[in-house]
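Shown next as structure tokens: one chain only, the form predicted on its own.
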Amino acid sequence: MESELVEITEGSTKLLVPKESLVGKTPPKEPAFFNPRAKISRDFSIIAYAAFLKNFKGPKTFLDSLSGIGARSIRVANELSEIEQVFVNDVNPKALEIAEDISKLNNVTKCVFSENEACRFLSLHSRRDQRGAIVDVDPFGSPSRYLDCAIRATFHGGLLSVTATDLTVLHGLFPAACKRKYHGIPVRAEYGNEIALRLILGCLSQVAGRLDVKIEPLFAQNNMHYYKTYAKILVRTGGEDDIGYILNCKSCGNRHATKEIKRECDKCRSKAELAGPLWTGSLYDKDFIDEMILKEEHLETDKSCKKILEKCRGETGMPPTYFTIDELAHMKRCAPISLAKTIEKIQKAGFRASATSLNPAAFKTDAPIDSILSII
């Protein structure tokens, strides 16, 4: 029995989606996969791509290696006038049929459709004159198997956006699998989503290093089971990558980035955990976030996007990892004080502090844990 397709609208684009994907908790993979709860992730993609294209010099092409029904790629073709050509690829012929119908529904003529395995598709675009200004990899589970060919398919100065959905691996339930897929090990901590994003970027950076290029993270975002990073791909010109570890002490709450492999907390001398190797540099580029905020005003996206981007701008330049107000209240054995009050107290004590986009009840600061507990 053929699945019924229903019409919905995302941004300013009409989509035809399997009816079952709108009613169940887990969207079915047959006849084609579509996740309605990933709308905000696609909204952020539209904003990020619009911000990136403003200053990109070269053919403005978009490569969607795992397109599904083309929700992201056809939105790019329809909503971003700067884009010249969109390549929509998937291994599922039924998904591509739906994608072609969606393009016709929106009168989109920029799309080229192909049925191919993702790495095969990306390899066909690895020649210099065939590469994409923007390349997207959005798989089920880990993106690690696609990173090598995705980097090769991205122009120098181009943007590579990568999604991961294997949260149990990235959050430390299967450390061996995480080490195998991401070349790093997580720790189970309050800020596990940030560790996950840093593991993805760390893996991407290490793969890029083998190809003699480097990454420059511009934006990172997560909601529910979606982790997505956006990084510029650049020819390597020397210098060290921001690869290291995060030391996490469960005894006193101390945590910080380090280049050294050490297992002892430098505050309480207890045995500490070590997450990594992973990306220890910034997750956001301030100028890029500023441009995203400007672009967001002219695009039809979820209202929450602007608030999240403003938090991203506020936390640029802050050290890795964050603290939650509940975590601190538990350590002090008292009721939590408000996030705004906590940030205000830390700032008045002479430290930097800001809200974080990664957790609505958390903040980042350059104050050490003993100072934080003393201040609050």
Ligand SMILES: C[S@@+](CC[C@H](N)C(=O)[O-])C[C@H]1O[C@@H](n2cnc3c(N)ncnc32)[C@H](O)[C@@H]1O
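Bear in mind that the values here come from a model prediction, so they are computed numbers and not experimental data. For every residue, the number given is its place in the sequence shown, counted from 1.
There is another form of the same protein, the form predicted together with the named molecule; it is not shown, and what comes next is about it.
Novice: Tell me which stretch of 169-177, 111-119, 264-272, 244-252 has a heavy atom within 4.5 angstroms of the named molecule in the predicted complex.
Specialist: Stretch 111-119 is the one.
Novice: To verify the annotation, which of these, Met224, Val91, Leu294, Leu211, has a non-hydrogen atom within 4.5 Å of the named molecule in the predicted complex?
Specialist: Here the answer is residue option Val91.
Novice: Which of Gly281, Pro139, Gly192, Gly157 has a heavy atom within 4.5 Å of the named molecule in the predicted complex?
Specialist: Filtering the options by heavy-atom distance leaves Pro139.
Novice: Residue-level contact is defined here as any heavy atom of the residue lying within 4.5 Å of the named molecule in the predicted complex; does Ala71 satisfy this criterion?
Specialist: Yes, Ala71 sits close enough to the named molecule in the predicted complex that at least one of its heavy atoms falls within 4.5 Å.
Novice: Please determine whether Thr321 contacts the named molecule in the predicted complex, using a 4.5 Å cut-off between heavy atoms.
Specialist: The answer is no: Thr321 has no heavy atom within 4.5 Å of the named molecule.
Novice: Within a 4.5 Å heavy atom cut-off, is Thr342 in contact with the named molecule in the predicted complex?
Specialist: Output for Thr342 is no: heavy atoms all beyond 4.5 Å of the named molecule.
Novice: Whether Leu328 contacts the named molecule in the predicted complex should be assessed with a 4.5 Å heavy atom distance threshold; does it?
Specialist: The answer is no: Leu328 has no heavy atom within 4.5 Å of the named molecule.
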